[in-house]
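Only one chain is shown below, in structure tokens, and it's the form predicted on its own.
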């Protein structure tokens, strides 16, 4: 089967620092790099690196078109439904990376991402029909996400929504979503539940399920992740790895989840795959360059014989 990712495509400008600046302060960096990025692009490349046929649907400007198209081709992502916008710049992200902790601060200008249209989605109907999983995020207009999820659901496809960066979601969209994958902060903002521990994360997950999604999977950073359905809640501890760069960890998680579900894994096993994908990613620098292969993910799972999810 295939996966269609509808979402953002950026160019990421990294600068490394020993610590984050305070307001009004100027710091010298410890290195500068440019990488392809954007949640949609990261997740599409992530799915492809894990061995799944993947389509990307979105918009880029002419300014970085060759750079991004070459990157997708090198990653075996199908760009047949990627539009080049003649009027708007490619989305950009400025990332400050703390080299001592792996934490980051990010500023985004969405550029052409915010000019994707319903017609762009319609033009990709063959890809949607060809796919088992449709993967969405919130770096494109919410109206496009609603339309894409409705179209995909009408074709019997499983829709995964990664609600990042978080914004208010209209209730309409929940009935089209199979899986929603917020992080701790996003889940708190979507539900009004202050997530401070596993029980409060379960409470937030149940609220999301009550809205209409089948599964709420909340990522908890260094504390692992949690899957909640109407029937149960399962806590997934983190894999033990050395952290180099947390940028793109959520994208790796969503790619791993989408690929596992596309291959027919039950949701309980798919979350293990997602956790392992994120764990491998954070051992390497770069939102896309650090994305794992199937071999790396399966290797981490094999080496982690004591890894054991826990029913809550």
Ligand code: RIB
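Residue numbers count along the first chain shown, from 1. Everything quoted here is computed from the prediction, not taken from an experiment.
Keep in mind that the form predicted together with the ligand is missing from the display, and what follows is about it.
Annotation: in the predicted bound form, residues 37, 139 and 248 each come within 4.5 Å of the ligand through at least one heavy atom. Shown alone here, residue 241 lies farther than 4.5 Å from the ligand in the predicted bound form, counting heavy atoms only. Although the partner is absent here, residue 108 is a contact residue: one of its heavy atoms lies within 4.5 angstroms of the ligand in the predicted bound form. Among residues of the shown chain, residue 95 is one whose heavy atoms approach the ligand to within 4.5 Å in the predicted bound form.
Among heavy atoms of residue 274, none comes within 4.5 Å of the ligand in the predicted bound form.
Picking from 176-184, 70-78, 123-131, 100-108 the stretch near the ligand in the predicted bound form, with a 4.5 Å limit on heavy atoms, gives 100-108. Note on contacts: among 47, 56, 287, 278, the single residue with a heavy atom within 4.5 Å of the ligand in the predicted bound form is 287. Looking at 1-37, the residues that come within 4.5 Å of the ligand in the predicted bound form, counting any heavy atom, are 10, 12, 37.
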